[in-house]
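We begin with a single chain expressed as C-alpha cells, specifically the form predicted on its own.
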C-alpha cells in the first residue's frame, strides 16, 4: 500500500488545525501512521483511496471529517482554447487521452514534490505500473497548441527528461533509466505513441518519459496535464490531479480532445449520482441511525446528499475513484459517523473455534519441509495458461472443467486460478538466478481443479548437481514423517525428463509426481541450472474437509 509523506507545515496550513488534532483524527479516516518525525509524518493509505495520496487530498478529507468544510465541493472548469488531435494510429496501441490546463499556480518545492509523488503513486495503483494509465505534467508556456497524439517509429528522436542530448526512441528504451524500467509495456510495438505540439516539438512519449523541454520549474505558473491509457482510469487520474491543484488555488481550463469520429471535453468534474436506501444502511451498519446522523456523516465525507422517503440521493465527488456500489457509500457513512461512537456488543450466539483440518495438515507439512532444509514461499493463486501449461509442456485443460478463468483480469499475468503450484515455484527460481545456490523452496497451498478447492504441496531444488535421487529422498522423508505407505509407478508427465520421473501412489491412488525438470521447461523459465521437484495433492491422501 502506498506510503505518503505529509509535511507538517503544509498539512497544518491546509487544514487549519494543529498536529495533535491531525494525529488523533487521521487514523479514523482509514489509514495507518507509519512514523512521526519532527518535520513530517508518513501515512499508509489503502489502494482504494488514491485521492488521499497527496497532502492536498488528505487536507480536504480532514477538513470535512473535522467539520471545518463539509458537503460537496464544486470544482469549476473554465472553457479552454486548448485542443488535442488524436490520430487513428494510436487506437491499437494506447487509444485514450485526456488533458487539463491549470493556471495561476505557485510551484514551490513542496507542491512540485507533492505532484511528483502522487503521480508515481497513481501510476502504481490505478495505472497498474503505467500499463493501464500514465501521466505527464508539463510547463504550458513552452507548448504550442493544438497538440497531436500520434505514432512514430523507433528512429524518431528528442531530448528526454533529465538528459541534455537527443536520443532515438530505440536508445531511450535501452539507455534511459525510465526507458529501461518501462520498456516492457511497449516492447511488442513497431510504432510508439507520442504527443507533439503544433511546431512538431515532442511533449511526451507515453507511457515512458516526457521531453526535457517541458519540465516544471519554480518559475512555472501554468501547467498542462496529459493522461493516456485504455479506460476510465485515465479520467479518474486526471480528476484526482486537477482537483488537487485546484485546492492549491489553481484555475482549471478544459481541453478539447478531437478523435476522428467524435469530440469530448476533459476534465469532467461533474458529480455522479447514487441512491442508497435507509433500510440497507441500517442492515449493513447493524444499528439504528437517524436521518440527521446519516446526512451529517455523508457531508463530513464530502458528499452532497438529499433525502426523499427514506431514500438518500448522494452526489459522489469526481475525485472518488473508489465508489462503485452503494455499499461503498455506506462504509463512508460508518467512517463519518465515527467508529469510536459505535458501541460493541456481544454476538447473540457463541461458539468455540477450532483449527480447520485443512490448516492442521498444512502446518504439519510446513514443519516437515522446513526441517528438510527447504524455505517456504507464498505465491499468487492467480496465474495464466502460459505458465501453468505451455511453459510446463503440459496439455492445456478445458476452461471451467479443468481450470477457472478470471472473468475480468486486470493483467495478462493473472487470467486463471492455478491448478498446480510447481509452475509458480519455477517462476520464483527464474527471478532469483542471481542468488547463491543451492536454492530449495516449497509451498503448501490451495489450487482449484475441476471446480473444487484442493490442497497441494510442491517443492523444488536447483543447483549444478540436482538429480532424481535427491528429490526421491525428499519425497521419501516427507512420506515417512507423514506415516504413509507409498509406491511409485511409471510417469508420463512431460514437465519432467523421461526415465527420470515417477508418479506417486498411496493406496493404489495416484497423488503426485516427482523427478528432474525437463530442459525445455528450464529454458522456458530461463533457469540456467538443473531443477528437481515434486508436487502432491494432499486432498487425495487426507480428509482435510472442504475449504469454505
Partner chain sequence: MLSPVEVELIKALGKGKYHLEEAVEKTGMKKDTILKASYLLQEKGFAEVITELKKKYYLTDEGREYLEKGLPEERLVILLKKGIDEITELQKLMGKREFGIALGWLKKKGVVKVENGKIKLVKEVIFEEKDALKKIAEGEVVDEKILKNLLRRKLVDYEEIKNIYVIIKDVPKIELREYISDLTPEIIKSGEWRGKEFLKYDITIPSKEIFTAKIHPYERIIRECRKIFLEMGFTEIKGNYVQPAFWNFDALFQPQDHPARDMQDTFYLDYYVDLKEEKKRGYIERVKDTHENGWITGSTGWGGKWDLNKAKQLVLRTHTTAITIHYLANNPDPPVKAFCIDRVYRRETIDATHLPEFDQLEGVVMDKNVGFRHLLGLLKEFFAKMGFEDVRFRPGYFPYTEPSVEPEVYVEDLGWIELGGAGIFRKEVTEPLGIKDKVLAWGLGIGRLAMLRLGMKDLRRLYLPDLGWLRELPAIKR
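In this text, all values refer to a predicted model and were calculated from it rather than measured experimentally. Positions refer to the first chain, counted from 1.
Not pictured, yet referred to below: the form predicted in complex with its partner chain.
Contact annotation: its partner chain lies within 4.5 Å of heavy atoms from the stretch 321-329 in the model of the complex, the single such stretch among 134-142, 321-329, 251-259, 105-113. Proximity to its partner chain in the model of the complex, defined as a heavy atom within 4.5 Å, singles out one entry of 161, 377, 85, 307, which is 377. For the candidate set 200, 395, 292, 373, a heavy atom within 4.5 Å of its partner chain in the model of the complex is found for exactly one residue, namely 373. Its partner chain in the model of the complex is not approached by residue 510, whose heavy atoms all lie more than 4.5 angstroms from it. Taking the partner from the other structure, its partner chain in the model of the complex has a heavy atom within 4.5 Å of a heavy atom of residue 46. The closest heavy atom approach of residue 32 to its partner chain in the model of the complex falls within 4.5 Å.
At a distance threshold of 4.5 angstroms between non-hydrogen atoms, residue 410 is in contact with its partner chain in the model of the complex. If you take 258-286 and check each residue for a heavy atom within 4.5 Å of its partner chain in the model of the complex, you get 280, 283, 284, 285, 286, in sequence order.
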